[in-house]
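In the block that follows, a single chain appears as structure tokens, in the form predicted on its own.
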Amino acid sequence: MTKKAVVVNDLSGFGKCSLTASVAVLSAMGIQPCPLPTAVLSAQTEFKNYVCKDLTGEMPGFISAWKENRERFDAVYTGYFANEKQIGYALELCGAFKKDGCMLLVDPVMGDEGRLYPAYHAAAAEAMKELAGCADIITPNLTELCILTGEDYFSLSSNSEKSDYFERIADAARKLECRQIIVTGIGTKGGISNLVLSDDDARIIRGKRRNERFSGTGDLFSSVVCGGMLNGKTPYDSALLAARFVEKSIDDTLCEPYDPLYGVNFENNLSMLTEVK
């Protein structure tokens, strides 16, 4: 029987991010994505012009209807939330459906480069800590890890050239209740890495450094991790597949004229994911 994953995120017309990315990736991996949209946007918010319809008020109706239909899910996968009220609804969703082996993957989308995103605020960050504490696996970047743990991002990242840099990040991550953590996009002089922690094990996946930040790569990465784990892969193997998929998609994008706001050309690489169903 096809596995089903609730995907709680926004839907952007341009940017190849959020639900646009997750629905494509999970479908390719043989997982049925069941979207719970938090907002609908004409384009992701880094575009100069965009319109946004906030769907906070619609979320309880989705959850109620699914309860009444007695739906069952194999995973709940959360991404960006516009406010703490939406995170509260996600917690309600988990209370209703996170049972009988249902996995909760939280991608705590809150900030980057040491700062919260402009549309995010402290109350939502506090609510995210509660949601992350319920998760089976989380996929924060280094900024988000520091927000969740209270670590100082700039102090931690200043050690990037030291031999124990990844050990320090692992020590910070182990402060969290969640025992499976993938810290993404860790910058070093030699490239970009992901740190995969599972119980007492820590493994590094190293990748190439790029000069551009492309829209949607984090969503693609976490979506592959979700699909991989639902298909029986370990967190490490899921993260390795995700890293290679995103890296190949970036390489393809760099081969032609591009604008990083529009995301990466991942569509022709979905075959990398169908092989692991």
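Just count from 1 along the sequence shown to find any residue number. Predicted, not measured: the structure shown is a model, and the values here were computed from it.
What comes next is about the form predicted in complex with a small molecule, which is not displayed.
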| item | value |
| --- | --- |
| 229, 41, 55, 36 - the one with a heavy atom within 4.5 Å of the small molecule in the predicted bound form | 41 |
| Option from 62-70, 241-249, 23-31, 215-223 whose residues, in the predicted bound form, bring a heavy atom within 4.5 Å of the small molecule | 215-223 |
| Non-hydrogen atom contact residue 234 with the small molecule in the predicted bound form at 4.5 angstroms | no |
| Partner contact for residue 145 in the predicted bound form: the small molecule, 4.5 angstroms, heavy atom | no |
| 4.5 Å heavy atom contact, residue 105 to the small molecule in the predicted bound form | no |
| Residue contact check: residue 109 to the small molecule in the predicted bound form, 4.5 Å heavy atom | yes |
